[in-house]
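Below sits a lone chain in structure tokens, taken as the form predicted on its own.
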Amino acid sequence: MRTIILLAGIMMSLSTVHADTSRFLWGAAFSSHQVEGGNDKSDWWDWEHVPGRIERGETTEVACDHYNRFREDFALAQQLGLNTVRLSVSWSRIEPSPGFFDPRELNHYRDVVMDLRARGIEPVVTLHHFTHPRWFHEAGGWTSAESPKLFAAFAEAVATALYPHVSIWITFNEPMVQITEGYLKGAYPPGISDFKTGVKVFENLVRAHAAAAKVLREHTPPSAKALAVHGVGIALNLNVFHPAHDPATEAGQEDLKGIAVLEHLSGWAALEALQTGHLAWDIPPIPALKKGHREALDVAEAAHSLDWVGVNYYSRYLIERDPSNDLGVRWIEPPGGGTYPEGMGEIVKSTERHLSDRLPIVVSENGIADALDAQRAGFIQRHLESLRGAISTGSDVRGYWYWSLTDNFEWNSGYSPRFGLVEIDYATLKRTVRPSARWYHDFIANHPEGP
């Protein structure tokens, strides 16, 4: 009844049709810690309760209360005509202590994916979206040689519990963001700032993906082959980088070298490793990688461990060489901000150039923080136009998932960024469908085959 009341007068014109996920995957995304609330077993719970770390001292004690209101939120997703919803499961809820996989929490996530499927929505399950159990953090996190094996055990518990109801998996969301924020800048847990530690973590994440991918593939039902994508993917955070100076100048040429570093570290090194089993650091020299550091690592088990690739695209930056920092580059936000719809097609084409395996692509995140909802519909439309251009010239893109379904806790920025198709009143937890969401619904209805 509550959902019906919320939708009255707003969504009356929308109809619900059983989704056809053999065609283009239209959806929205979110992560567990950002919306569920009340997860006191996570490293992020501890992080956000330290004064000064999160803007305005905000925490996830309640968040959007999605843990208890997931049916209400999925009813809204259904009314919006989405045929996929990308979510994540919470490792710290499922494995609150080493080796103990809580059956109540596994049953909860089974209820979550079953509710989506009952609505004709295909669940896309992400295993890792930045947060960890407290015990994993205290045991060394991703610096530990045991971390890939521990992650694979978690993957097996989840995959076993959710079989055969999940056919599309993501191992890691934005692994390079985890490394950059957690181990290079110290802005996320565990708060480390050391480049060589970051390199070690990168290697362990590649191994962890490979170990989890093996398990997930064993627990992907044969019926998954009927979907536009199925099996195991990874969601890479890929920005467009342009030189700060004219490429015809010496300064511009130096900028291009810096861009090569950033592109390789942020996307292509992992993407190539998960296809070839070879993690290479053969990039232009940077201050943090002095003589003596190994330039490559063979991870044979990672070869051909992807069935599809997720691209998270938000913005572009101007890049200038700066030998004074570890990476040897400086980010500059372009005049007018970093929004750059044309970059969607550029990123898809760049990704394809780094695919030795023939893999389909899904835009696994793309969104804008817009509390007034004045720009969101136009933002989505322009990015989809760019995506359409890439598809028209042969790119194999099979889905688009807007970030995010609802407003949520945006990490160190707290609740002020408003990305949601659905607005959350944090005082009352009332859900309100934004006009841009109605626009998105109509676009999907008119373009079932893709943009």
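All residue numbers are counted from 1 along the displayed sequence. None of these values were measured; they are calculated from a predicted model.
Omitted here: the form predicted together with a small molecule. The next part is about that form.
- By the criterion of a heavy atom within 4.5 Å, residue 167 is excluded from the residues contacting the small molecule in the predicted complex.
- Contact check for residue 32: no non-hydrogen atom falls within 4.5 Å of the small molecule in the predicted complex.
- Using a 4.5 angstroms threshold between heavy atoms, residue 129 counts as touching the small molecule in the predicted complex.
- Looking at residue 308, you'd find every heavy atom of it more than 4.5 angstroms from the small molecule in the predicted complex.
- For the marked spot (42, 100 and 136), a heavy atom within 4.5 Å of the small molecule in the predicted complex is absent from each of the three residues.
- The contact residue chosen from 92, 351, 83, 173 relative to the small molecule in the predicted complex is 173, the criterion being a non-hydrogen atom within 4.5 angstroms.
- With the partner removed from view, the residue among 266, 312, 79, 276 that has a non-hydrogen atom within 4.5 Å of the small molecule in the predicted complex turns out to be 312.
- Considering the small molecule in the predicted complex, the lone stretch of 408-416, 393-401, 58-66, 379-387 in range is 408-416 [heavy atom distance within 4.5 Å].
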